[in-house]
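Here's a solo chain for you in structure tokens, the form predicted alone.
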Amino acid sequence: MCHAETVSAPASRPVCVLGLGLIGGSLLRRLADTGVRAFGYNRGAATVDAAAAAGYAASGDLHATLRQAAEQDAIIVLATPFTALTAMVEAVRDTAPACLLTDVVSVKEEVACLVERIHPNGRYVGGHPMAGTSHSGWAATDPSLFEGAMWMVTTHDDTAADDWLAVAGIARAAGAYVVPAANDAHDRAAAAISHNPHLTAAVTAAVGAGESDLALRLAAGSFRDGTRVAGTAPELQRAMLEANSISLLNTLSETIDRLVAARDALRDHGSVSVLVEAGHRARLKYEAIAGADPEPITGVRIGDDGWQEHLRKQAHQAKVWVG
């Protein structure tokens, strides 16, 4: 088994990161610390100054950064909130149109549509590292953030092999495992295991706060763990959740239906066993998958006929690509 934490070989091409918050800044630090030629842009001067003071190549001049990317044929990583992507993609189209483009945004269908609309001749392979904290900004960055994490890389039937390998190489260089998936499948999964929990965490926090501080004084582990992501900046949560509205509506509807059924069963029969037992079984299944070393995808050579479909099928069996 090839473990993600053993990855040390740097990517062969430079990487340009647009946006140096928690995810983008952590990626810049990790890549640069392991020998990748990495540089980045951020709109806020304080972030640029902090990154530069820490020894990283950071600039507040977007067009100069993109000119550098074009000159070096860098892979460009979009690491801004979804609401800022339009301006970023327009700038890439105008200044570095030949560069391979990827992203770390938590939705994929909407990003792919945006890139296709604004930069239809661009080369784009989406990505999403399943890593983060409730904190944000450069001060929260951590070069070990992606160690052992899952990093989805868009894998469609028309995805170019060389471009896919380049983006997957960034994920591996960051210390993550690669999960090949189609954009719509990713968005459905992300809604279920990431975006929906943000809403349930918000509900749990709001109900727990109640009308006095007594419950918050008594709150312990279950409340703390169940509301952790509610501590994320609201504007960041909204940008993420609202960009995946279609998939989130489906999972939210299922959540409401299950809770209503549990409420009715408790009212009519004094029992919540159906929901509690289903949740317990699901949690044990998650622990079995998350607690074991990921099984690698095998028998697929990138570029062979049908390689994309073969990767996706094995990813749906919880397998990962390790190169």
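Bear in mind the structure is a predicted one, so any value in this text is a computation, not a measurement. Start at 1 and count along the sequence shown; that's the residue number.
Quick note: we don't show the form predicted together with another copy of the chain, though the next part is all about it.
- Heavy atoms of residue 101 never reach within 4.5 Å of another copy of the chain in the model of the complex, leaving it off the interface.
- When another copy of the chain is considered in the model of the complex, residue 194 lines it closely, a heavy atom lying within 4.5 Å.
- Within 4.5 Å of any heavy atom of another copy of the chain in the model of the complex lies no heavy atom of residue 172.
- At the 4.5 Å threshold, heavy atoms of residue 258 reach another copy of the chain in the model of the complex.
- Of the candidate stretches 76 to 84, 238 to 246, 158 to 166, 138 to 146, only 238 to 246 contains residues with a heavy atom within 4.5 Å of another copy of the chain in the model of the complex.
- For the residues 92, 152, 107, 176, the 4.5 Å heavy atom test against another copy of the chain in the model of the complex is passed only by 152.
- Not one of 45, 52 and 97 is positioned with any heavy atom within 4.5 Å of another copy of the chain in the model of the complex.
- Residues 213, 214, 215, 216, 217, 218, 219, 220, 221, 222, 223, 224, 225, 226, 227 are the members of 213 to 227 with a non-hydrogen atom no more than 4.5 angstroms from another copy of the chain in the model of the complex.
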